Every structure is written in C-alpha cells, then in structure tokens.
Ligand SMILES: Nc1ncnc2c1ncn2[C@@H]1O[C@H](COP(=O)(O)OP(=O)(O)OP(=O)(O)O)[C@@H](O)[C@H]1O
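A single chain comes next, written as structure tokens; it is the form predicted alone.
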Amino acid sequence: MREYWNSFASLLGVLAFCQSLLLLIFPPQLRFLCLKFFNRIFHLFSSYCYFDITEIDGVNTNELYNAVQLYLSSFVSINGSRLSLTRALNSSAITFGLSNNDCIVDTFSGVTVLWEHVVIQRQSQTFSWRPLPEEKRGFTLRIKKKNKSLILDSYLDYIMERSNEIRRKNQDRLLYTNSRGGSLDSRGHPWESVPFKHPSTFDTLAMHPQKKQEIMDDLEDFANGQSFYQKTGRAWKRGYLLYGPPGTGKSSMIAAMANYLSYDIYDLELTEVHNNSELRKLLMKTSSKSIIVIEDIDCSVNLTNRKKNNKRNYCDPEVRCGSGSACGGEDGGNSITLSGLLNFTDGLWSCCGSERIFVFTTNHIEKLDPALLRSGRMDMHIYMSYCSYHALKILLKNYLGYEESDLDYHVLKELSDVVDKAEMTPADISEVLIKNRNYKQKAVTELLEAMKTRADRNFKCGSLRDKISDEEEQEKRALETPNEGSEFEEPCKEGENKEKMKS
C-alpha cells in the first residue's frame, strides 16, 4: 500500500514539473494569442456569425436587450421548454422569457436564426459608483453569414417595432387630465394620470353593426397609415366629432376607441386652460398613440358660430381683444380663442407629435363654428342617435344574455315597431334592464311598457312641439335679420359723435 502511494506521489511530481515547464515555454500571453488565432481560424471557415446583445452597455441599459427579451416572450411560451415568468409594473399580462443559457429558434423572411440567453456570474466588485447586477446577462444571436445584411437591416428594426406593440398592449392604459389652473406635478408635467379601466368595447357598444364596422375600419386605416401620411405630406393625426342627444354613448365610444387601438386618453378640460399659449404647451406634453378628448365643446368655452357676428367692426371690444389676451377683466378668466383652438387641432403645433386622434363631443352641433367642423380638424362626423332596433338587440344581449332567437317573435315585432317612436337613449334603456337584470322576462316586459309610454307621449306632444319649433324658428330668423346697418354702424357713429364733441 505504501508503494502505491509512493508511485502516486511520484506521478504528481512529474505532472507538476511538466506544468511548470509548459508555463515557462508557453506563458499566458502566448496562450492567449494562440487561442485567439485558433478562434479566428474557426470563424473563418465557419458559416455562422455571432452577435452579442448585453443587458448593460457601459453604464446605461441596452434598449435592444429589453426589446429582444419582450419580442421573444411573444412566442417563447409555445416553443420554449424551460421558461421564466415575469410581470412588469403597470402591466396586466404575464411575460414569458428564456431561462438562463437556454436557446430558441426564430424565423424571419424565410431565414432561421438562433437566440441564446447567456447568463454569467459577474466577478466581485471592489468599488463602483454604480453597483452592477451580480449576473452578466445578454443575448447571443447566431445567423448564417450570407443572411447578415438582411438580419441587420430589417430583422432588428422589426424586433423593435414588435416589442413596442407588445409593451403597449401589455401595459395598462392611462387616463390623463390637465392639472387645475395649469399647475405642474412633481416631475414638471401638466398632466395627471390614473389607470384607465373602462370596459367598453365595440362589441358591447349599442350601435348599428355596419356603422361600428365603418368606424373600426377607419381607426385601423389610421393606425396602419404611417407611410401613407408621410407620402402625402400630412400630419399623422385624425379628428372625430361625436354629436347627438345626451345618453347616446359618446363617452363609451371614446373608451371603445382607446381599447381597440390600445391608446392612452388625454381628457382636456378647457375651462382650466387660461390662454392659447398654455393650450399649446399641453399639446406638446402629450405622447404619441393617444386620444385627445374635448367633451361638450359647446359648453366649455365661448366658441359659438361666428355667422351671427361676421359683420363686427373694430369698434366691437371683442374684436379689438387680441388672440390669447385676457379680455375677461380682473378675474383673469379663460381667454382661449377660436383661432387658438383651431391651431391646436390643425396648426403647426399639432404636428409636434404623431399618431394622435382628436375627439370632440357635443350635444348641439349647430352651436359649433363651421371652421371647427371642416375636414382636417374633424374629419369624421359620427351621429350618436337614439336607440335603434339593432342597438336594442345588443343591449338585450349585454344585460340579459338574450339572443334574437331567445325572444318570442311577437315581442320582437312589438319592440321593432315602437323603438324608433319611443326615442329613448341607450342610457335610458340600460337603466330599465339593469334594475331587472335578475328577472329577464320582467325586464323585457317593463322595457316594452316604458317604450310604449314614451312613444305615446311623443305622439301627443308632436303637434305641440312642431308648433313651438315653428314659432322659435320664426323668432330666430327675426333676431338674426337686423335692420340694415344697425349692428355695426351705430357704435361707430356714437364714437364719431364723441370725438366731434371733444373737438
């Protein structure tokens, strides 16, 4: 046994001597050069090339690394064998990712690439102004050399675009409102935000299916029309006007548009904006892929139809008051002008961002100035009408779970005959269905009775309403037809008389 250990010790001594001899003949610098040389030879004859994408580039986070990680998560849940699960802040979805040192294959334009998630333990740090993670993370992309130009020119750009779409869909949307009195928050932003959780979609929206499809197609064309807008030299924006009686679903339409496109919403309160300059600053602080909403524009500020005042003379103090000046007097009130609002929606400042939608709502479209209604400012006018038969069927399905085939033919016939005469808004009908949602038959019965009652009342008041409307129309015409020269000549004549008296 002792002889065995002596032989083993002699062997170890020989190996140590050989190692010392090799270190003398091949120092570390020479070994490194040899390894580098053989590595170049290997890559020279290899048909593949490799690209490393590290998590941290110097002291900054590599944006491409985050994009690749998010992009691979879109299909790694199907193809991967070992996955990591994460859920980001303000995200409503769980993200799948590659585990440490795992690989996955992707295909782009018929080209196959290999992604490997490389995780290496970082050496202990002595001192650093910015502590680094304990692990060094990165992705290695392996592609064939002949496909190098395709991958670098198109594939990485595709990954960035795709990751932005995934991030926007996964992230909770936000509802912004301008701060009271134009004040700034702690970060210097004039907008305050809360998570946007409105459940309205185009499927639940009470509207004719054909009309809904037209709106959805228009939104889809806008969202995918970047190249078209650039080619035609137009700003990448679009305006919608939602008008109709109260309770017809204008706010629900805005929420459905935001959920359909996965856009944030900026609810602009014009009464909190002091002047045109502040309005432009608010516009500059909005982000792309957003919907800017001005609700009840006819009630927010004084932007009535200018046809009534198109003969004003300079003697009129409202004409002398310049754009953006505080004509309100001592209270420092709102001094937004129609010109400022038009520049906000269709001027040079409206082009400081891209992929934005402007939505205006009003209950009285006749009160709006025609300059606001033209294309380029409000491109698509959407009338939110009283509840129709098609919209009624959607409400019955939403609140009671009734399909058209679940109701008796005679009940459907009565509903279709009376719904247009009743002139009830979707909000009115929804309230009847909500109160009786646990008793479906009772809900339909009470709804039918309510619609018949409303239809009878409308019929009885029809002749009286027509008479009143005729009288109002005659009075309106009389007021809008002043005596010749009386509107703008009298103030000026008074001014001339005062000047004569002074002289």
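The structure displayed is predicted, hence computed values, not measured ones. A residue's number is simply how far along the shown sequence it sits, counting from 1.
There is also a form predicted in complex with the named molecule; it is not shown, and the following applies to it.
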Within 4.5 Å, heavy atoms only: does R238 come near the named molecule in the predicted complex?
no
Please determine whether M160 contacts the named molecule in the predicted complex, using a 4.5 Å cut-off between heavy atoms.
no
I'd like to know whether S430 contacts the named molecule in the predicted complex, with contact meaning heavy atoms within 4.5 angstroms.
yes
Using a 4.5 angstroms cut-off on non-hydrogen atoms, would N363 count as touching the named molecule in the predicted complex?
yes
So if I measure heavy atom distances to the named molecule in the predicted complex, which of the stretches 278-286, 421-429, 213-221, 262-270 falls within 4.5 Å?
421-429
One residue of S354, S251, Q171, T112 in contact with the named molecule, assessed in the predicted complex (non-hydrogen atom, 4.5 angstroms):
S251
Exactly one of Y71, F139, F344, Y399 comes within 4.5 Å of the named molecule in the predicted complex through a heavy atom, and that residue is Y399
On the criterion of a non-hydrogen atom at 4.5 angstroms or closer, are L175, P190 and I292 all touching the named molecule in the predicted complex?
no
From first to last in sequence, which residues of 233-247 have any non-hydrogen atom within 4.5 angstroms of the named molecule in the predicted complex?
P245, P246, G247
